[in-house]
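To begin, one chain is listed below as structure tokens, in the form predicted alone.
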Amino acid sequence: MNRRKFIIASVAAAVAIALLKPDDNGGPYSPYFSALNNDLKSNGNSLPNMLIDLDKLDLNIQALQALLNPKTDLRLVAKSLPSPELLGYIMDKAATNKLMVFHLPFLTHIAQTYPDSDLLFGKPMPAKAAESFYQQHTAEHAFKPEKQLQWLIDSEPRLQQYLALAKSQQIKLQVNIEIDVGLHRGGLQRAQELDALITLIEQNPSYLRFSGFMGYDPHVVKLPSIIKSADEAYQESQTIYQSFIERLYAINNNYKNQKLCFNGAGSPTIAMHNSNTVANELSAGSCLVKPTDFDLPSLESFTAAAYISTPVLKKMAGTQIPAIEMAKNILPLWDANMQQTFFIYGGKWLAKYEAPSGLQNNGLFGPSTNQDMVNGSNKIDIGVDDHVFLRPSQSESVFLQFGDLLIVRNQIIQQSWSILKQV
């Protein structure tokens, strides 16, 4: 290689290295998180906590009401908001008593806490699980399942199981039928499949009552646009849904005169139902606290209202990894975001670091649920007992890992709210 080529190659290599070298992403708390940190240090419990910001939650409730089709009712998804007080707060603000449940212990807890609620199961439950609910529920309870609870049925064999349950318990069950509007996660796929189920229901009026359909459509906004646009996927899902409604009326036209539940949407697609939908009620939950999985264009009017906070237990200069201790001061030369090491209380949550900016997990050390190792640049000015903040990627399971929720208003802890019973 001659001198000129060597110089060109060296410059190219230097440019490539410069381009690959990570940027320094560190920064201080924003005023919002600085205030939260100060309050947590003064009035918190120095444990990992899930925080709910009521100011942001209120804004999200308003955003949801603005998106909701005025011809539809709102049904809140309990698994995404798994706290009795949180559900009660939103039910009151959004003026709805309709909830969608997915977990049998949640059903029991909600039926006791909110006996006036209208409940729809969001997934088909094994008949044995449904039986256990009726074994615990007594006629003295204010909640009346024959009028206030819809069981989701996804097939004729499951309907047969529920019919057997109704006969054995001498009860009447409301049956909502799951239809596949394109997600392909179960439910009836062809409108003609409805005939056998409706026939069986109508042959057993003492035990079964048809209450409606549920068609969940989150795939609509998640399909790659190169395959199908969101508008095309939405219209297809609506056409499928409408075909089941038309088939129902063809089987028995009297259903037109009954008050039925045609449930649809979900947080990702509720905006698409705003002006044109065959559903008469729409479900949503996650958008109200907006975890990172819901950072979608369709939900851009919503803001994050839930954060994990956890204290810093240890702070060290550099990044020291077992067996390669000599790299402690070398690693930060390449990546400024490894200039400091923090060990936090807990970790390995389904969450992303939010504040201070520029924090990152250390892939070489590996994750820990006990003391997660977190790196950051020298621009991050926090110490032991300060708090690291993360945004959960989802709410339904992550909320359940922290016990009571800490409720914040104006960056000040106001109270704590319990979590729905899990067993």
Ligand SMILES: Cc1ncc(COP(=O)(O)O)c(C=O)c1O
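Note that residue numbering begins at 1 and tracks the sequence as displayed. Predicted model only: the values in this text are computed from it and were never measured.
This next part talks about the form predicted in complex with this ligand, which is not shown.
K.L.:
From the list K328, K315, R185, K167, which entry has a heavy atom within 4.5 Å of this ligand in the predicted complex?
P.N.:
Of K328, K315, R185, K167, the residue with a heavy atom within 4.5 Å of this ligand in the predicted complex is R185.
K.L.:
By the heavy atom within 4.5 Å rule, which residue out of L87, L149, V220, V77 makes contact with this ligand in the predicted complex?
P.N.:
Among L87, L149, V220, V77, a heavy atom within 4.5 Å of this ligand in the predicted complex occurs only for V77.
K.L.:
G266, S286 and F294: each with a heavy atom within 4.5 Å of this ligand in the predicted complex?
P.N.:
Heavy-atom distance to this ligand in the predicted complex: all three under 4.5 Å.
K.L.:
If contact means any heavy atom within 4.5 Å, which of 188-196, 276-284, 345-353, 167-175 contacts this ligand in the predicted complex?
P.N.:
Checking each option against the 4.5 Å cut-off leaves 276-284.
K.L.:
Heavy atom to heavy atom, is P82 within 4.5 Å of this ligand in the predicted complex?
P.N.:
Looking in the predicted complex, residue contacts with this ligand do not include P82, since no heavy atom lies within 4.5 Å.
K.L.:
In the predicted complex, does G122 come within 4.5 Å of this ligand, counting heavy atoms only?
P.N.:
Close contact exists here: in the predicted complex, G122 approaches this ligand to within 4.5 Å, heavy atoms only.
K.L.:
State yes or no: in the predicted complex, is some non-hydrogen atom of F102 no more than 4.5 angstroms from a non-hydrogen atom of this ligand?
P.N.:
Yes, F102 sits close enough to this ligand in the predicted complex that at least one of its heavy atoms falls within 4.5 Å.
K.L.:
Verify the contact flag for Y241: yes if a non-hydrogen atom of it lies within 4.5 Å of a non-hydrogen atom of this ligand in the predicted complex, no if not.
P.N.:
Y241: no contact with this ligand in the predicted complex.
K.L.:
Determine the residues of 192-218 with a heavy atom within 4.5 Å of this ligand in the predicted complex and present them in sequence order; the list may be empty.
P.N.:
Those in contact are M214, Y216.
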